[in-house]
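Here we start with a single chain on its own, the form predicted on its own, put down as structure tokens.
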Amino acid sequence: MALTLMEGNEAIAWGAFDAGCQFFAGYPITPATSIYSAMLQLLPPEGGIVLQGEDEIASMGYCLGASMCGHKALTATSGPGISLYSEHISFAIGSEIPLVIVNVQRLGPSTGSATRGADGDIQFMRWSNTGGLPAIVLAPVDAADCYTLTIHAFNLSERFRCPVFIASNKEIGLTRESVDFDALEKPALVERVVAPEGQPYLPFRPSPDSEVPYFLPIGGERISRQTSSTHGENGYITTSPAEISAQIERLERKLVSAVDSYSFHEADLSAGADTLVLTYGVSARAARQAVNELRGKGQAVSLAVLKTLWPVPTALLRQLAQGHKRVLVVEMNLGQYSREVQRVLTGHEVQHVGQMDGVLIKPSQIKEAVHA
């Protein structure tokens, strides 16, 4: 495609297509609907399937069924839709069903302002399931990120057999900008590992060299079981504390223990800087401008942009903050990620710079906070 003008939502659709996505189901909701529209243009001509469910709950269920049959599946919504997805998200986490979920966030709470952006769902996505188990959440900055991180999201979903969130927002999803696809590094594709032939299949027993079970599609020649209830390695419902704890602890361990391998970020650190500006999402654009303007006046300031938010990339945060006295966390909410940074960086002064009023954070606000 070379140099192309497109919005972030379209870039997500192209990323899904190039990742091998074969199924999309969703329900129209501002500001995520153009992902649905783009998938409708991309998938059917290539034999893929696009469905509009009667509501968000049904749409999510369609995606789970498609994934259990072996297809790479995508759904897209905004905050109110994530609320309705939550029971199926719990099912996907507990039953290890690969899936990519795009959340084009809009200003909340409740149904909020459909045409205003925010990062108000950051903690919501982290605690999106009834078991309190971890989820992977990736946060793009621009349309190019939307494309690349969508491919990474599918790869992580396949690798760990889990749902993966893309935490976009209205300002990223509906902003049209140039994307040079020839200059982007397309990640190599990852596929879920199918159970080897000639041995009994236990759908929730981890493979010998990982914490992730082999996969078999529902409806194939070999029997595979699924249940939304607590289960043992064989997929049958159990109330055994030992079996339950083993499965739940593995679900947490398989993601948290490997987070260093997918801690996507950008770092632009300045020698001798006392302050690190730490941010994610669309606020990274204002942060970049603010840091450049401060440096233009001779002030040393560091910048780091997180693109993996959950599980918290603890080792990365500590590495980025090393040598800095103060960390300014810039985000479009009242401090949802700042609290995590404070928890991890106990030896640093951590300050929050943000708001939740439908207005983008300005470079001038960030500069004022640096000088404060």
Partner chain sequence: MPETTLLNSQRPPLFCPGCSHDSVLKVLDKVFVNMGLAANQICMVSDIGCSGLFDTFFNTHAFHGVHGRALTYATAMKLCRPELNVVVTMGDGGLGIGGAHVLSACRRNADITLLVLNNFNFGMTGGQCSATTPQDAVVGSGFLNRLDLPLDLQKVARAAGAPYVAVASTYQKDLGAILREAIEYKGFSVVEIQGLCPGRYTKRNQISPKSIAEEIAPAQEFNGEVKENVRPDYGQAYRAQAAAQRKVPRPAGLQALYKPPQEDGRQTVMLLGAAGQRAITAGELAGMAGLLAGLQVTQKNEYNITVLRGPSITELIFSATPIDYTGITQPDVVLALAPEGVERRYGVFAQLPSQTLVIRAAGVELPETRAQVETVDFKALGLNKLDWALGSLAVMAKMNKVISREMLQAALEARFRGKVLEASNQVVDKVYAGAA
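Numbering follows the first chain given and starts at 1. Nothing here was measured: the structure is a model prediction, and the numbers come from that model.
Beyond what is shown, the protein has a form predicted in complex with its partner chain; the following relates to that form.
- Using a 4.5 Å heavy atom cutoff, none of Pro80, Lys254 and Tyr337 lies near its partner chain in the model of the complex.
- Of the candidates Ser210, Thr130, Ser229, Ser240, Ser229 is the one whose heavy atoms come within 4.5 Å of its partner chain in the model of the complex; the others do not.
- A heavy atom within 4.5 Å of its partner chain in the model of the complex is found for one listed residue only; from Arg126, Arg192, Arg205, Arg288, this is Arg288.
- Its partner chain is not shown here, and in the model of the complex it never comes within 4.5 Å of any heavy atom of Ser270.
- In the model of the complex, Ala2 approaches its partner chain with a heavy atom inside 4.5 Å.
- For Phe264, no non-hydrogen atom is located within 4.5 Å of its partner chain in the model of the complex, even though that partner is not displayed.
- Its partner chain is not shown here, but in the model of the complex it comes within 4.5 Å of a heavy atom of Leu360.
- Screening 278-286, 130-138, 156-164, 256-264 for residues having heavy atoms within 4.5 Å of its partner chain in the model of the complex returns a single hit, 278-286.
- In the model of the complex, the residues of 220-244 lying within 4.5 Å of its partner chain by at least one heavy atom are, in order, Gly220, Glu221, Arg222, Ile223, Ser224, Arg225, Gln226, Thr227, Ser228, Ser229, Asn234, Tyr236.
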